[in-house]
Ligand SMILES: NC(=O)c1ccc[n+]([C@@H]2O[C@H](COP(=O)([O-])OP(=O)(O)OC[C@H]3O[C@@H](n4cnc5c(N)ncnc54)[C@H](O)[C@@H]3O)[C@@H](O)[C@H]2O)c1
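Have a look below at one chain only, the form predicted on its own, in structure tokens format.
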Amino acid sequence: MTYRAGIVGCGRIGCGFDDDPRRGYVSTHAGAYTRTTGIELAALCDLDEEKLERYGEKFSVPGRYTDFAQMFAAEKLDIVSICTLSATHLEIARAAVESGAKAIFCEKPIAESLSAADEMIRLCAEHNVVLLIDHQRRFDPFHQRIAAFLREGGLGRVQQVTCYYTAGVANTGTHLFDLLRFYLGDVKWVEGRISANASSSNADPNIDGWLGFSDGAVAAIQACDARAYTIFEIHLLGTKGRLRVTSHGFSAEFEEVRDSGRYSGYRELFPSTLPIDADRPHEVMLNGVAHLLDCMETGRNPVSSGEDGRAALEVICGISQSALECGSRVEMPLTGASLHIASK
């Protein structure tokens, strides 16, 4: 069987990132669909007609629309990618579900508010539609192995975690918060303050802060200025060693605990072989689409579900609320939260 796919939003993650010759791997929804057996990329939708025509030609897509409702009515799509601003996700998801779509591959954050995320999850559940959120490191066997290594006690008790990111608490922070949940479990409380290192968008500030996890681990979140450089790193210090996840999650370094060669009776950290397989390449978008197909055909739950997307959004809302309250501790789950989150 061949599934018909359509993309709403032909911007960077929808189509544009594959224009970058330095990437060397599939980086967009369009690129992943066109390289996946069993999927026909049948339609694109974007308000920008020049962009629509350019990517329609590049990816050989016959159906080109400026109105997603018209696209859904005309194309009878099985799979819909939502690659637009988070404030539009619920409206597009509702229309996709009502048109008979079987799966939605939605960009992050899942929505602009928790109530909108709840409605998306409800709609998809009621209509038996697979909802996959593009927190794409979850699709990478490399990060799946790291999560298993941590859960199985490979690092011992996690004592401290320090994270660095750029480009906004919603835009990039959502990836960071989701990956920390994937590694460490549920977040129980957050504290945040507006960072002195500004984001590229006033609507999506950089926030420094702390996340407390259900097992007692605490993570420090520190934002940097993307005008200087881009960074996405997580440093985990356990009782058995230190694991650094570096290069935007494409690589890692490990140090193990051994007896000190300088101080009797002390132990120190020493560089060691990474205790997990770090195979290449990291084809996260291809993996994500393959996973989407598997969920459609087997009924398995997505590794990055609507509920996972909502949980990451809840952390964004909580740490944003804390920052507005000058760093007060905000307990999770949130109650009565009405924040609306802006993102690219």
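Predicted, not measured: the structure shown is a model, and the values here were computed from it. Throughout, we count residues from 1 along the sequence that is shown.
Although not depicted, the form predicted in complex with the named molecule is the subject of the following passage.
Using a 4.5 Å heavy atom cut-off, which residue among Glu297, Asp279, Asp48, Glu57 comes into contact with the named molecule in the predicted complex?
None of the other options qualify; the answer is Asp48.
Pick from Asp178, Asp134, Glu112, Glu191: which has a non-hydrogen atom within 4.5 Å of the named molecule in the predicted complex?
Only one listed residue qualifies here, and that residue is Asp134.
Would the named molecule be touched by all three of Phe182, Thr246 and Asp308 in the predicted complex, meaning a heavy atom each within 4.5 Å?
Not one of the three qualifies.
Ala125 within 4.5 Å of the named molecule in the predicted complex, heavy atoms
Because no heavy atom of Ala125 falls inside 4.5 Å of the named molecule in the predicted complex, the answer is no.
Would you check, heavy atoms only and a 4.5 Å threshold, whether Ala5 touches the named molecule in the predicted complex?
Looking in the predicted complex, residue contacts with the named molecule do not include Ala5, since no heavy atom lies within 4.5 Å.
Classify His89 as contacting or not contacting the named molecule in the predicted complex by the rule of any non-hydrogen atom within 4.5 angstroms, answering yes or no.
Yes.
Does the named molecule come within 4.5 Å of any heavy atom of Leu155 in the predicted complex?
Answer no; every heavy atom of Leu155 is more than 4.5 Å from the named molecule in the predicted complex.
Pick from 114-122, 231-239, 79-87, 208-216: which stretch has non-hydrogen atoms within 4.5 Å of the named molecule in the predicted complex?
In the other structure, the partner sits against 79-87.
Within 4.5 Å of the named molecule in the predicted complex: residues from 240-263 (heavy atom criterion)
Result: empty, none.
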